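Here we start with a single chain on its own, the form predicted alone, put down as structure tokens.
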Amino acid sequence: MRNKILQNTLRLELRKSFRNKAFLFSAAVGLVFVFMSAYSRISLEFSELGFRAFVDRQIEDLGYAKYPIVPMSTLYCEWIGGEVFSVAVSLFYTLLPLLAILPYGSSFSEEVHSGYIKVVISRCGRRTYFLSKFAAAFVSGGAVIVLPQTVSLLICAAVFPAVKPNVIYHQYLALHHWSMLGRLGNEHPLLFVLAFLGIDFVFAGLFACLAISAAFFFRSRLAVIAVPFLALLGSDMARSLLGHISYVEISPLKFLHAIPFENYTKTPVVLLWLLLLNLLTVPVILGKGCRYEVL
């Protein structure tokens, strides 16, 4: 009986998390950034300064392309997780936590203010409610980020060749072996991309859950959304101050991008952030949730 109630509550929360205007808005904004990025890279590809024009000039002048230059412009350095030049990429990864939070991160706060929580908890219990709320926020937050990234990958795959990176053209895919998953990226680039989609899904889901944790400490619905986002933005500002001391990326807004922007991505830093986010979400939501008093 208890499992049936949990399944029904979880199904209801997941349906609400995906079928709301905030989810559609976040997904639409993410897709706008994807289309902006794709347009800038594809238009450059076919411009006079682009790779295709360069190949054509080589063939026209020499009768053939003198160098094996195909790896200069590939799927893996042109999708939104690989290219680092367009404004759309900076906007997408800077706003990533906010886009993840908007679909369902503030739902707990909204249900407290509306009084809806009294009805739900009386029927399913505190533990079931908060477990379902955590799962729904996590899944919708991850999905709303990975969906645009997947669309970007598919658009770029229709234009750019999925050629394995070549060390000769390292400047076009600046993925060092000493950066996290660097060896995998150079030897099996598709697996590398899929791994980063999974990493981004987990982090985006935890960003969404941060807003639920914040609702236990802030009554304002605006604060529930703004505080986690500003805290993560603050870590990115700290990265600007400390980045050139260690040359290791400490900002999740940067290391969630598959190709390092400036500093190297190190596995211990990513794991520490993952541990911190779990400590700020799981014990708060499930621990305080089980003791939550409905007023």
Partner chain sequence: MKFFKMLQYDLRQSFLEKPSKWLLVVLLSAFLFLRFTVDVYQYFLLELPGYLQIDPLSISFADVLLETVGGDFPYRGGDQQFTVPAAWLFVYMFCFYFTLSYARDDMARGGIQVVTRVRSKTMWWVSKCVWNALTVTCYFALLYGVLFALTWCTGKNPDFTVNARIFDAYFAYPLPSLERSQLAMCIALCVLPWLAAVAMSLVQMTLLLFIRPAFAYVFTGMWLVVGAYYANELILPNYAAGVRSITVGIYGFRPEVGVILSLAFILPSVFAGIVALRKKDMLPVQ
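Numbering follows the first chain given and starts at 1. Quantities reported herein were computed from a predicted structural model and do not represent experimental measurements.
Below, we refer to the form predicted in complex with the partner chain, which is not included among the displayed structures.
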Select from the listed residues Val159, Leu154, Leu91, Leu194 the one whose heavy atoms reach within 4.5 Å of the partner chain in the model of the complex. Leu91
Given that the partner chain is left out here, which of Leu102, Cys77, Ala215, Met180 has a heavy atom within 4.5 Å of it in the model of the complex? Leu102
Assert contact_stretch over 203-211, 81-89, 129-137, 182-190 against the partner chain in the model of the complex, heavy atom within 4.5 Å, equals 81-89
Is Phe33 one of the residues lying within 4.5 Å of the partner chain in the model of the complex, judged by heavy atom distances? yes
Is the gap between Tyr264 and the partner chain in the model of the complex 4.5 Å or less for some heavy atom pair? no
Would Ala238 count as touching the partner chain in the model of the complex under a 4.5 Å heavy atom rule? yes
Do Ile121 and the partner chain share at least one heavy atom pair within 4.5 Å in the model of the complex? no
Only counting heavy atoms and a 4.5 Å limit, does any residue of 106-121 reach the partner chain in the model of the complex, and if so which ones? Glu110
